[in-house]
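Heads up, the chain shows up twice below as structure tokens, two forms, tagged structure 1 and structure 2.
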Structure 1
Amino acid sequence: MTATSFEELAAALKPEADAIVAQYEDSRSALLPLIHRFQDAQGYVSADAMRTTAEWLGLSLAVVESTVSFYTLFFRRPVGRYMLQVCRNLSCTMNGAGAIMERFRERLGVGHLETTEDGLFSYEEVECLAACDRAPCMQVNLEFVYDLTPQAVDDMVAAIRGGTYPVKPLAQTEAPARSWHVSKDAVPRVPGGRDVPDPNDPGGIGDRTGVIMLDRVVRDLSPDRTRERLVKDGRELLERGH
């Protein structure tokens, strides 16, 4: 989304935002409702959305970001047009959720917390959705789907791909990355800590750039995009005479 169009969105939302703020004795209570509105419009919680919310509520960006990061339904990176959230909790597991999750992974070619390359599907295995009487269950863009079977998974994926699925797609203002999940594991760890080689270790790497890039590649980029990116960067370097 370009700067101008975000400004337009913010301007359009402002009157509603003021009405939301007025419902509460303390304006900070409007934080979740405002972030919900921005996510509905943009498909994810953009940095602009957090900055604007912070400004409107008189909070620091850090406070808004810290709060947003607590909640699993706020996506801090762009996601697919269909968010598939399959229950992995007890009653569903006991009634065949394992086969459902396996079928989705197979049909979509992605795993937990990942988005398909065409930006159509995001896939997540979630906790109890309060529909245990109709297990295994899931939500598609927060609409419930009950009594799942592997065949129903195939039909759903086909219908979404064919544009005939009855659930409205999410807004998508930016191309999604491989995963929207900003996990604590994505933060480079202290050298010597778990998963990161110690720079002083003769077998390790002194410069962590490689680790950080590898992390990005694994989490954000598909093999094809990685290849494209390498070719593009390589060409630019050659053109600049390196």
Structure 2
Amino acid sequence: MTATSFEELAAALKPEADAIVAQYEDSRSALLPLIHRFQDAQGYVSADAMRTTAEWLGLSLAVVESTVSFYTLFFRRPVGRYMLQVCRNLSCTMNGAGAIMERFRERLGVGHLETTEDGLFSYEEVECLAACDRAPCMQVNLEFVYDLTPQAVDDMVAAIRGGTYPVKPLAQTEAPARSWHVSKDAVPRVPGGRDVPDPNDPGGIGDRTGVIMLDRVVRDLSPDRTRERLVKDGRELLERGH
């Protein structure tokens, strides 16, 4: 989308955006609705959309970007006209999500965070969609689909390709690339993220990243280091051998 066409889009959406913002006591509460509206119009959340939303709401761009990057329902790169998001969490996995994901990869010829060459499908394996009682489940353009089976996958793909699937396609203002993966930050954003294997990885069982970061906070007694209660308590715990 060119700068001119985005400016035209923003101008067209501005009255609606003002009406949305007016519904909230705190304008920041309109952040998610505005991002949804831009995605509806563009098919994804562009850098221009995030910058404009920040300006309209008086927020920093970092606040908007961090919010958009948190949710799997926002797409930061152009995607296919049908976004297929299969749940891979515990309940779905126990009820056959593995076979569902394998079937999608086989039928579409793409993997996680990839788009088919014709731009019709984007495929993602996501965390819990909160429909555990109907597992395995997924979302198609954010619309829920429950009780999946391999045959249901075949029927869905055929219906979408045939133009008969009941969920409407996403807007597509820009042709998607093969992958719409957004790379992790190469450099940690905060001092506490240094000296750890991967500052972008939340870790898990057996991962000592959090301990390493706490050690760094405790031993760094430079003048600009905060001496809040949390830091002091952390030092006392380590001294007692906890």
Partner chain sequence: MDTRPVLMKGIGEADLRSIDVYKSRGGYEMLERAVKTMQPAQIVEIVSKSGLRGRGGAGFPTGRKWQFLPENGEPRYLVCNSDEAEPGTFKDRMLLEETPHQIIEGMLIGAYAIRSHHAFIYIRGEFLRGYEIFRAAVEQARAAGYIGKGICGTDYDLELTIHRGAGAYICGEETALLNSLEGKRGEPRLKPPFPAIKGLYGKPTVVNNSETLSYLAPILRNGAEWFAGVGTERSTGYKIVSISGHVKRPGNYEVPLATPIRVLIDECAGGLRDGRKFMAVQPGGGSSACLFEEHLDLPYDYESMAKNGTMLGSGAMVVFDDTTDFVHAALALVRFFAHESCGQCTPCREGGHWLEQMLERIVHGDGLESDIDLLKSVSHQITGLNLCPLGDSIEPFLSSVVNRFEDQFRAYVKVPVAS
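Since we're looking at a predicted model, the values are computed, not measured. All residue numbers here refer to structure 1's sequence, counted from 1. The term rigid core refers to the maximal set of C-alpha atoms that superpose within 1.5 Å between the two forms.
Taken from the structure described as the form predicted in complex with the partner chain is structure 1, whereas structure 2 is drawn from elsewhere. Residue displacement note: T173 has its CA displaced by under 2 Å between structures 1 and 2 (rigid core superposed). A41: CA moves less than 2 Å between structures 1 and 2 after rigid-core fitting.
Think of the chain as two rigid blocks: between structures 1 and 2, the small block swings through 15° with respect to the big one.
If you overlay the core, the Cα of L73 moves by 2.8 Å between structures 1 and 2.
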